[in-house]
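Let's start with one chain on its own, the form predicted alone, as structure tokens.
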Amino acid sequence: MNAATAARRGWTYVPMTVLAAFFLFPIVFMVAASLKTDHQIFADMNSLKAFLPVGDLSLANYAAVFDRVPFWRFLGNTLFVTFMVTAFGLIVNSMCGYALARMRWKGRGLVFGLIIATLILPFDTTIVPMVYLVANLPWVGFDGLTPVLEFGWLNTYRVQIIPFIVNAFSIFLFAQYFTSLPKGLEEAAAIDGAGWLRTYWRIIVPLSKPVFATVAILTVVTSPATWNAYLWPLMTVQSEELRPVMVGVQYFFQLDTAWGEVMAYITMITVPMVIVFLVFQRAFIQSIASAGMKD
């Protein structure tokens, strides 16, 4: 590698390093502040010490988190809801995408267009009607072994899971990827006597691992009901036994705000996701790239 090539590469890395540092600083500050007292945090705010683990350090803020909130309960709720939304979402949205991309039926284009049109509606504009709707939806419960018709989904796991299983963007990604697969796959399967469901499960799904991985990652990170869920469970779940970790943040602002404890709690719910991304970043990038490619 000659000097000119090295210089060009160096100038490429400089802005990338600056940009990476810009996004990394809040995380570094968060972790450093979680080890300090409130007095130390504010004393260091006017210097680079705010980003360094120096001064009066301890793990007392992390211990205090467990006194403030039922952290493990919140974490368990988040993991359960995230798993259910992601798992059922992969099944339902992929089947919808398959029907739109590979099957021919009247009105298919109109339905697909309506699904895409819903993407322009911000979630914040539909949340109030959704809350009213789920507050009056029926559900079959059980009194012992006797089925009982109930109304209202508030304060349940289902209000955090069912409304977010179907996702327009996930359907779009699946449909786009399935469209790129060779038409001969279904023709060969039909000759062997396979129906649509068997073709989907035995042929399409094994060939579509990249888009399944992409949708799973995006669902975990971006869905209003999964890891980052805050506004929806705040409005629909009042029971502490059912709330996710993000709602737990508000517990630290109800009385005297201890910023060291706030930073400790946020670190506990942020760093695991950062570690997961760093470990699987290659697979994440490859799945995104593969999902966007067509043969």
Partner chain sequence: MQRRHLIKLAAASGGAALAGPALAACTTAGSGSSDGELVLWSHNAGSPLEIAVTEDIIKAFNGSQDAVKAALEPFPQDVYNDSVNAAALSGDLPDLLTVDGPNVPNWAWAGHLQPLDLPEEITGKFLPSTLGIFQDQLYAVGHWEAACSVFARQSVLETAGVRIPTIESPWTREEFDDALEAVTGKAGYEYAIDFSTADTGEWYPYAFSPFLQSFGGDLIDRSSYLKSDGVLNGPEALAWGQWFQGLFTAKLANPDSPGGAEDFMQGKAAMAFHGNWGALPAIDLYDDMLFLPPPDFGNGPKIGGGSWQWAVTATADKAGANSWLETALSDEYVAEYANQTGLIPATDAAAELTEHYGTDGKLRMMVDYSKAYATLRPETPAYTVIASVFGQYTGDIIHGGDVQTALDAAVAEIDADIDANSGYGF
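Positions refer to the first chain, counted from 1. Just so it is clear, the model here is predicted, and its values are computed rather than measured.
Omitted from view is the form predicted in complex with its partner chain, to which the following refers.
- Contact annotation: its partner chain lies within 4.5 Å of heavy atoms from the stretch 77-85 in the predicted complex, the single such stretch among 218-226, 77-85, 114-122, 181-189.
- Proximity to its partner chain in the predicted complex holds for none of A99, W105 and L137, with the criterion being a heavy atom within 4.5 Å.
- Although the partner is absent from this view, W196 contacts its partner chain in the predicted complex, with a non-hydrogen atom inside 4.5 angstroms.
- Using a 4.5 angstroms limit between non-hydrogen atoms, Q176 is distant from its partner chain in the predicted complex.
- Interface residue remark: Y157 is counted as part of the site for its partner chain in the predicted complex, having a heavy atom within 4.5 Å.
- For L35, no non-hydrogen atom is located within 4.5 Å of its partner chain in the predicted complex, even though that partner is not displayed.
- Only one of V54, M268, I27, M235 lies close to its partner chain in the predicted complex, with a heavy atom inside 4.5 Å, and it is M235.
- Among the residues A213, V131, V205, A168, the one placing a heavy atom within 4.5 Å of its partner chain in the predicted complex is V131.
- Taking its partner chain as it sits in the predicted complex, the stretch 239-258 comes within 4.5 angstroms of it through a non-hydrogen atom at S239, E240, E241, L242, R243, V247, Q250, Y251, F253, Q254, L255, D256.
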